[in-house]
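Here are two versions of the same chain, shown separately as structure tokens and labelled structure 1 and structure 2.
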Structure 1
Amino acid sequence: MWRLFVHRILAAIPTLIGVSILSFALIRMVPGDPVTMMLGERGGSPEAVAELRAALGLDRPLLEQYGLFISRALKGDLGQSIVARRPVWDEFKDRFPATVELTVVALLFGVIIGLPLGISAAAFRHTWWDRLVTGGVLIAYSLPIFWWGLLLILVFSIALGVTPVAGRIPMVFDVDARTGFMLIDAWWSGGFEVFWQSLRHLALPAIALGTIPLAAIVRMTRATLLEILREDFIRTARAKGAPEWRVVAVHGLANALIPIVTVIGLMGSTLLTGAILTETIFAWPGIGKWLVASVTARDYPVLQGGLLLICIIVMSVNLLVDMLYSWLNPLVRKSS
């Protein structure tokens, strides 16, 4: 397992170099730079534009700019956001907990609802229940998030009035952001009452974001279980008189978990980086929204640094999943 770990860390280096070059070059290949966006419709005299570009260091040769970016990044300095005028790392740090919080709760929602649905669909295969679940999952999988999110708001917040429309906490509470995780901060500053409010705010975005992983988990669980339930050792388990629930939940599920964990892991890293629409609809202050705004503003340092950070996170999550996988599966453990 340690060999796997070291191997993967070494393999990450060329990937990171590639990502750094791509994120540096791609954003510079499209027309328009940060100065263009600052000036808007207004424009500015060529001298003023040149002056602004020089102040941002954009007048230097590209190779020099890239070299500077890499040498600073190696020292842990990702540069400064042009829009916010703060270090990219600080900007990232302020937003990442919100994204993690949303992702974790959305995944939990997917797993808690998805696993039992998938298991039951497999256990009662080809019944009306199975058809209902697989049909529902197909719809859930194809819902566009911006539409689904708004529909959830219209139903739960406007028609029923049971959840808030958007945000993380009612504006009457002034919650001190100690950790950046609102659930924790809310508990800290106001106990259960405020925690409950922040949970209510989290509900709709987590459902909206968790719907696709939920669908993926149901499908994966059902398909894998069905395959496993046809294996010889299941027949043996049944033959020795194990009750059906035990056959499915213990013998079956334990063996089906490996691909399911992989799906959850993959979904986790996608959600961490891809919650852009959900974050926009529910006014959730995470990193997806931040990066999209930075593309429009042509905030080069944020895009370079932010993408590098995200790349590191995705690779770490994948590594974690692989290690979990080898822990779950003795065969992989031995071969590595």
Structure 2
Amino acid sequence: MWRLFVHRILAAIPTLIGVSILSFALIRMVPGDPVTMMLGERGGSPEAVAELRAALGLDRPLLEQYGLFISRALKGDLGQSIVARRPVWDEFKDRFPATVELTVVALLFGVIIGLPLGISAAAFRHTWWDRLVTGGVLIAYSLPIFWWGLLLILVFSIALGVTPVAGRIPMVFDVDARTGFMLIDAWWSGGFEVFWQSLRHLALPAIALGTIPLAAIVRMTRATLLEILREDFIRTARAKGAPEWRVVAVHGLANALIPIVTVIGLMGSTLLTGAILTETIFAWPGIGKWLVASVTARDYPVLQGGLLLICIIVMSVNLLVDMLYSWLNPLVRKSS
């Protein structure tokens, strides 16, 4: 297992280098730069433009700018936001709990709904219920997040008025940000009423973001269970008179957990990147909305440092999933 861990760490180094190069280069291919966005296309004299570019370090050669970014990043300094005038790490740290909270609740929604649906579809295979679940999953998997999110807003927020349109908490509530996780802070600050309001704000973004993981979990659970239920030990359990629910839920599901857990873990890291559209639609103050605003403002340090941090987090989650898979599967543990 430790060999697998070391191998993954060493394999992550070229990936991080590649991400740093892409994040540095791609944003500079977009028309405009921070100076143009700050002064306007016709704002400022040539002397003022040159002075601001020198102050931001944009007058240096690109290779020198990249080398400076990497040397600072290796020391833990990701630069300072051009717009907010704050360190990129502080900006990221303030917004990351909102993204984690949204991701965790969306993943819980997918697991809590997806596992029972996948198990029931496998238990009642080739019936109307199986066809209904698989058909619904196919539709859910094909829905674009931006269209699905807007549809949820139109139905539940505008037409029915049961959920807020955007944000994390009503402005009338003053929540003490102890942890950055609104559900926890709302419970500590105002009890159930504030917690309920924060949960209402979280519901639609979590459903919009969690629909695709739900569909993936249903499909994996159904396919894995159907394969397991054809094994000899399942027929033996049935021949001994075990109830069908026990055959499916205990004997079948216990042996199908490895690929299901793997999919859930990989979906968790995927949701961190997929949250960008969801946070933009629902005005959720997480890192996704922050990065989109930084693209508009051409905030180079935020995009370079933010994308690098996201890459590190996604790779760390994938590493944990690999280690968990190795721990659950003795064959993988022995081979590593």
Partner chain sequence: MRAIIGLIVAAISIPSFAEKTFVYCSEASPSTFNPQLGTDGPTFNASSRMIYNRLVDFKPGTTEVVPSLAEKWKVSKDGKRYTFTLRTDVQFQSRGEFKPARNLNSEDVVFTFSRMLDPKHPFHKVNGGIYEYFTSMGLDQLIKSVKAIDAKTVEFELNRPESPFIANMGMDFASILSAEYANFLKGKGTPELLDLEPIGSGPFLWKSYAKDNQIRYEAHTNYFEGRAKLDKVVFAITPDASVRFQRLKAGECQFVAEPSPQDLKVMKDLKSVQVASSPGLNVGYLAMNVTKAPLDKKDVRLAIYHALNRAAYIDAIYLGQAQVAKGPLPPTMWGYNGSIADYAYDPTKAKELLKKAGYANGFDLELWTLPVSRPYNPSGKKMGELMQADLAKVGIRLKLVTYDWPTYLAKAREGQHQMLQIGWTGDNGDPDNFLNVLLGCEAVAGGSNYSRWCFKPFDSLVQKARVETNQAKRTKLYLQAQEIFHQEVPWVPLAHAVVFKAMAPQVAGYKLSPLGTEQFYLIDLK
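Residue positions are counted from 1 along structure 1's sequence. Just so it is clear, the structure is predicted and the values come from calculations on it, not from any experiment. Between two forms, the rigid core is defined as the largest C-alpha subset superposing within 1.5 Å.
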Mark the structure, either 1 or 2, that is the form predicted on its own.
2
Rotational displacement of the smaller rigid part between structures 1 and 2, which moves against the larger, in degrees
11
After superposing on the rigid core, how many Å does the CA of Met29 move between structures 1 and 2?
5.0
